[in-house]
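Okay, here we've got a single chain as C-alpha cells, the form predicted on its own, with questions on binding and movement later.
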Amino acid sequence: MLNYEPSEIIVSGIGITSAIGQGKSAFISALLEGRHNFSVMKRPGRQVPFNPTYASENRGNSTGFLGAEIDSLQIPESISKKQLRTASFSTKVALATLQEAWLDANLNEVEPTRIGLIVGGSNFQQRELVLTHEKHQNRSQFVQPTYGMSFLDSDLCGLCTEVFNIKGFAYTVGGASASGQVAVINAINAVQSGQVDVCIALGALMDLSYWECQALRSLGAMGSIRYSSEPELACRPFDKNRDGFIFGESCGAVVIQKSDFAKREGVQPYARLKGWAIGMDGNRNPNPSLEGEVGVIKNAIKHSGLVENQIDYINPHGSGSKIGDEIELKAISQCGLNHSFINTTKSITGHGLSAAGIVELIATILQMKAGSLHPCRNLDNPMESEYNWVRQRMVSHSIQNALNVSIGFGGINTAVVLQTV
C-alpha cells in the first residue's frame, strides 16, 4: 500500500536520455555499474576548426575538449519525420525524453488544458547555431526561413506542445547549471497553486559548441588538457586531483502533480517532493557562495518539515570545480549533514549544465527505487575524509529522505528534498 497524504506533491513520471543510456532502465543500470562514455568529443562543432596559422600553438584539432556524448538516439515512430526535419538536436532529444515521461505518467488521460510544460535552460542550442552560421556565412540569403523560429529556445516548447497536445502553458526558465532544478521548483509551484493539474519539468540538452567549450576552459570552469590522453580519468568531483567539470550530454523530464490526482491507470508515484528553496548570492560572477548554499539547504530542509539528521542521502552539485566542490562540502558540514551518504552522478554522466538538476533528481529517485547508491568514479583521494562517501563500489542503502543541490553561475542556489513513498 502506498504511504502518502492527499494533495502531497509527487513525481509520477520520468524520462531520461544521457550519454550512458536512454530510458530509466538503461540509465540506472549504467549508474549502478559505474559505466561511463567519456572521450574526446567528436560531434561536429565541438572542436575548434583546424587553422594552420595556430597549429604551432597547440590549437586546431588538438583542443581536445572532453565530454560524454550520446551515441545513438531512439526517437518514437509516433513523432513524424516532418516535425523532426527542422528540429534541433536539443529538441529531438527533448521529444524522445518527454515521450518516456508522458507514457510513464499516462498523460493521455489528462485534459490537455490542465497540463503545463516548463523547460529548464536558455541559449541551449549554440552548436546548431554555429554550424548554421558557418554553412551560410557567404550566402546568408539561403538560410532556411524556419531558422527564424528554430534559433529561439521557445521553439523547443512549441514543438513539444504540438507533438503532445499540451495546451496549458509552456515556457523556458534560465538558471545556468541550476536551470533544471529551477524548472522543477516552478513546476511544483504551478501545481500547488492550481494553475494546472500536471506540470512537466524538462531539463534541456545544452548543445555546446567549441566557442562555449573554449570560454569555459579559459574561465577555469571546464577541465583543461591535463587528462586529454586519458578522458576516463578527467571527471573527478570531490577528488584532490579534480581539474574542472567535464561536459555530458543529457536531458531529463519529470511529471509533477498532487498525489490525489494520481488515480490514472498504471500511475505509481515515485517520490514525494517535500521541500525546496531558491536563493541568490547577489553576484554575477561564477564563484560560489558558502552563505548562499547554506541558506538554500537549510531553507529546503525547514520547508520539508524534516530535520537534518533525517536526511540520509545527498546528491550534490559536485561538478569537479576546484573552488565549487570545496565550498559545497563546507556548506554540507555547516548544515550538519556529514552523516549523509554522498555520491556524485556527474562523475558518471558528466555535467549536463541546463539538464543537470533534473538528471540528478532522476538519479536520486531511481536509486530510491533500487535500494542502492551508485559508485563515484575517480574518487581516489577525497578532498576531506570526514564525509560519508560512496566511493568506487555500489552501496546498498534504502533512501528515506534525500537532498538534491544544484548551483548555477550568476549566484543561483537551489535545493530540493525528496522522500520515499
Partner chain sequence: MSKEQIFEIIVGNLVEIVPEINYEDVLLSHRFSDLGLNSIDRGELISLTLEVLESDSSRVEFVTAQTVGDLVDIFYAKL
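Numbering follows the first chain given and starts at 1. Predicted model, so just to flag it, every value in this text is computed and none were measured.
Not on display, but discussed next: the form predicted together with its partner chain.
Note on contacts: among Q144, Q334, N123, N309, the single residue with a heavy atom within 4.5 Å of its partner chain in the model of the complex is Q144.
Note on contacts: among L103, L73, I323, M149, the single residue with a heavy atom within 4.5 Å of its partner chain in the model of the complex is M149. Only one segment in the set 135 to 143, 152 to 160, 93 to 101, 219 to 227 has residues whose heavy atoms sit within 4.5 Å of its partner chain in the model of the complex; it is 135 to 143. Put simply, T86 is close to its partner chain in the model of the complex: some heavy atom of it is within 4.5 Å.
Although the partner is absent from this view, K263 stays clear of its partner chain in the model of the complex, with no non-hydrogen atom inside 4.5 angstroms. Taking the partner from elsewhere, R284 is found to have every heavy atom lying beyond 4.5 Å of its partner chain in the model of the complex. Contact annotation: S193 falls outside 4.5 Å of its partner chain in the model of the complex, judged by heavy atom distances.
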